[in-house]
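The chain below stands alone and is given as structure tokens, in the form predicted alone.
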């Protein structure tokens, strides 16, 4: 049976944590608009070609309205973070969404990131020193990948990093599509909501130098600001997105570069490649998670296929980032690749707001690791690394390393 005649189960499994499913290449060439069955049993349409994914992510007719009656459920327990009531509070499109991005985006400019860089380097150096003191082998994810972005985003939001284990559980529950029951997900969301509500109230009473204090100071909607509930949910969204995605990407980036030791050696010999190396690992990340689901309000043709109104589309940016028609030698890691117009952060009005922060953290981690631990290597074969299953955001369970 050909791919265009069968319904694949999605997400499509892969034999190794750092490698893509073999089906991606075949889907792109033979069935770029494919029918898939989600963990819920509902059907959706999977896009794997670069131009199709880029077009859909930039098209306002494809929305985040996954709570529509005819939208596919991503899992039997619902859609997790994609379809929580929280996700519907931040404006989905149009002028309201752009206004929200302008207000929040002030904290994620390249200039702000440059100012934060020295403190990021200090945190990275201290975490690496602590990991070395504990002795090899160590878990790079637990020792560096997870705590660094948590410390940074907590500081930006003015919340105590001491609560990071609670944030980790709440975000795991919101981002996991299969591990938790609906009751557990709703309980975690309720606890997280109350925590952030208390924090916003405290910031309203006594402002600090942080994102939430600035959003409060901007006033309500009548003064051109956000509502209280929008500020609260923005804080929750930034806390989850600001640490979970980067924490996982740090582990994957380092693993990808150490899987072939010659890559690490090239970076040691020429640190000027760090920026392009970070972009290339983002492009080649085969374990980026579920992809971005979108709901179609009107009938539209994509890739030569007519999609009826009510279709739920899943955009696989990871598959699109290996499209040979866009990237020469798409399956190969080229540490010098430039330009590199990958879709890891999305595109258009809904592209990742915190991409400057993520890029800076990844660059800092790589710079400090190369300087302090030039002999770093994986403590297990790359084939033995294990994926975190069920997360909307892809990651590795552990990243065992020695030096």
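Numbering follows the first chain given and starts at 1. Predicted model only: the values in this text are computed from it and were never measured.
One more form of this protein, predicted in complex with a small molecule, exists but is not displayed; see below.
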Discussion item. Only one of 222-230, 236-244, 325-333, 114-122 has heavy atoms within 4.5 Å of the small molecule in the predicted complex; I'd like to know which.
Written reply: 236-244
Worksheet item: Looking in the predicted complex, any heavy atom of residue 151 within 4.5 Å of the small molecule?
Response: no
Worksheet item: Looking at the partner-bound form in the predicted complex, is residue 337 within 4.5 Å of the small molecule by any heavy atom?
Response: no
Item to complete: Answer with yes or no whether residue 100 is in contact with the small molecule in the predicted complex, where contact means some heavy atom within 4.5 Å.
Response: yes
Practice prompt. Report whether the minimum heavy atom distance between residue 350 and the small molecule in the predicted complex is within 4.5 Å.
Written response: yes
Item to complete: Answer with one of 192, 108, 290, 295: the residue that has a non-hydrogen atom within 4.5 Å of the small molecule in the predicted complex.
Response: 108
Item to complete: Note which of 284, 317, 177, 128 lies within 4.5 Å of the small molecule in the predicted complex, where distance is taken over heavy atoms; exactly one does.
Response: 317
